[in-house]
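The chain below stands alone and is given as structure tokens, in the form predicted alone.
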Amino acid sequence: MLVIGEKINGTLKKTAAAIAARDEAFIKDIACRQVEAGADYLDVNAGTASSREPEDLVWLIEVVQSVVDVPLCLDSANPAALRAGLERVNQVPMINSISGEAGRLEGILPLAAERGCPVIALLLDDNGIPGGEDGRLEIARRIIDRTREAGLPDDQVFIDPLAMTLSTKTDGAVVAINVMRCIRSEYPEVKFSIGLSNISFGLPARSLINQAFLAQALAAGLDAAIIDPLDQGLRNMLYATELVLGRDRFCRKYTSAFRAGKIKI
């Protein structure tokens, strides 16, 4: 599974303050620690007003790329910010995100297709997030029709089934997992990504909930997740679950991670 580090996000108070103050040391530290912990991509989200976002996103990209050499996941709904960011990346990034919303399909999908960027696609549209499986499946079909028309192959599309917070919707995880299984049966090449920590918002011992959901989502075919790679419990669960599911040939990832100190009990 691809680990997308979630910590460089302007919706987090400390990160927002660092962006406003142009605190390079803070951003570099978060970037390095996430990569050292095993992040394959780093999500980069300025989270600022649309007029400032292009400048802020470019600053983040340049600071992060000065200290790590992993691809980025450009996280924005602002086509102008994404366009500016695409001019500064060293490697082909992932774009987070398109959706069934007309504005995102028209403003962001062409940018991704032009640069050959993988995209994360959220299962919502201009009417919001459907509560059940059927509505989300219909949005997925519409999105995939559009990504195919744009020339993006199915294996470059990461569907986010939108796991809803359990504290307000107790079947949020079950619906997301069922949606993943249904889409995989219809579109076997499409991939899946989840913003994992949403599932536990507002509940105590959040890491425990996130770990349980990660194991279930991996079993349902999860390919990537936006997570906190510094969470030791999540790292343990990822290596162990992929091993149990037969995705770790000769147990190499698990044993290598243990020897490297990435698995701790």
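The numbering used is simple: start at 1 and walk along the sequence shown. Worth saying up front: this structure is predicted, and the values here are computed from it rather than measured.
FYI, the form predicted in complex with a small molecule isn't displayed, but the following is about it.
Annotated contact segment (heavy atom within 4.5 Å of the small molecule in the model of the complex): 120 to 128, selected among 145 to 153, 85 to 93, 120 to 128, 170 to 178. Here is the short version: of N198, Q232, S207, Q216, the single residue with a heavy atom within 4.5 Å of the small molecule in the model of the complex is N198. Using a 4.5 angstroms threshold between heavy atoms, L12 counts as touching the small molecule in the model of the complex.
Although the partner is absent here, A31 is not a contact residue: none of its heavy atoms lies within 4.5 angstroms of the small molecule in the model of the complex. In the model of the complex, at least one heavy atom of I226 sits within 4.5 Å of a heavy atom of the small molecule. For E133, no non-hydrogen atom is located within 4.5 Å of the small molecule in the model of the complex, even though that partner is not displayed.
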